[in-house]
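Take a look at this one chain, the form predicted on its own, written out in structure tokens.
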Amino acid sequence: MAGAVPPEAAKAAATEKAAPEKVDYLNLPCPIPYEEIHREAMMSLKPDLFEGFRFDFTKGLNPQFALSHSVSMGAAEIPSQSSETIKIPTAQYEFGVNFMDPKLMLFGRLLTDGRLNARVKWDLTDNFSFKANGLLTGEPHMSHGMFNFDYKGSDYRAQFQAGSGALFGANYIQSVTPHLSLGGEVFWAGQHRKSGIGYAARFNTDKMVATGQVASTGMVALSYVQKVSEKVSLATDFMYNYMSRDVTASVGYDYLLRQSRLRGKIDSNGCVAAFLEERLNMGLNFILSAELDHKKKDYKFGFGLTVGQ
């Protein structure tokens, strides 16, 4: 028969399909930055929860320059000897200035309590960048600054940090396979005369991300994110400090709808949280935030609007 396939040819084709894909170790992908290895889990399990009312307005003056205004009204927690949480009403206004260029980004925030926040990101070359952030406040010993120097290679990243309080650190992360990257960090806090070392691993595919991190400070952090579909992700993390014996585990979800995004979690301390972002119109978003801490008997509810880019 003209359409028949010889047995030898069929066997050769099956063997070719079954052969594993050869890995080119000289052309591995560049990993994500060391400090962002838990990025997917953090986005699902650590939304920007708040209490009370929040209104954010951003106005672009030109493609690079924008002004922002933020008003928040809620409650501030006061430290207490008892197990109950003490709150006092508070309100705050924040004025911001943003400058965004393909190679330079500047962000500034001035609050009514006198605090000034500033951040800079400058791409000096395609591979080398400089980042800085600082906080100025009238409270004694509360102002601080941090400088980061990042280098991005073809299959690795390196970073050096220097900050106030004689804080120095460095980290490095390397892709060892197309899906696995390994890294490590060292730091020295001169003001407190403390040093530390840490290690991290990250394994990711199109459907999942698993990370692990351990440090000599006693911290052990594990996280796992499973992408169920294009719109649904499930996440879990485990935090353990083998010096203080504190343990926390949490599970959460991230659900993308046509015009909204819903995130929620529950942890081993009895804290349940949910965060909803609803797009009402172009440049107009409605936000709902809720957090129930059954152990501390603390309940936080918030709603807000975001206007602008």
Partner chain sequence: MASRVSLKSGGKGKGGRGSGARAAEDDGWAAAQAIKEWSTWAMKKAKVITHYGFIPLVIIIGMNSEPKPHLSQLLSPV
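Numbering follows the first chain given and starts at 1. Please read all numbers here as calculations on a predicted model, not as lab measurements.
Not pictured, yet referred to below: the form predicted in complex with its partner chain.
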For this chain shown on its own, do Gln64, Leu67 and Arg109 all sit within 4.5 Å of its partner chain in the model of the complex, going by heavy atoms? yes
Contact stretch among 234-242, 98-106, 148-156, 183-191 - heavy atom within 4.5 Å of its partner chain in the model of the complex: 98-106
May I ask you to state whether Thr217 is within 4.5 Å of its partner chain in the model of the complex, using heavy atom distances? no
Interface membership of Lys59, its partner chain in the model of the complex, 4.5 Å heavy atom rule: yes
is_contact(Pro89, its partner chain) in the model of the complex, heavy atom dist at most 4.5 Å: no
4.5 Å heavy atom contact, Lys207 to its partner chain in the model of the complex: no
Note which of Leu136, Ile197, Ala76, Val176 lies within 4.5 Å of its partner chain in the model of the complex, where distance is taken over heavy atoms; exactly one does. Leu136
Can you pick the one in Val71, Leu124, Val228, Leu116 that has a heavy atom within 4.5 Å of its partner chain in the model of the complex? Leu116
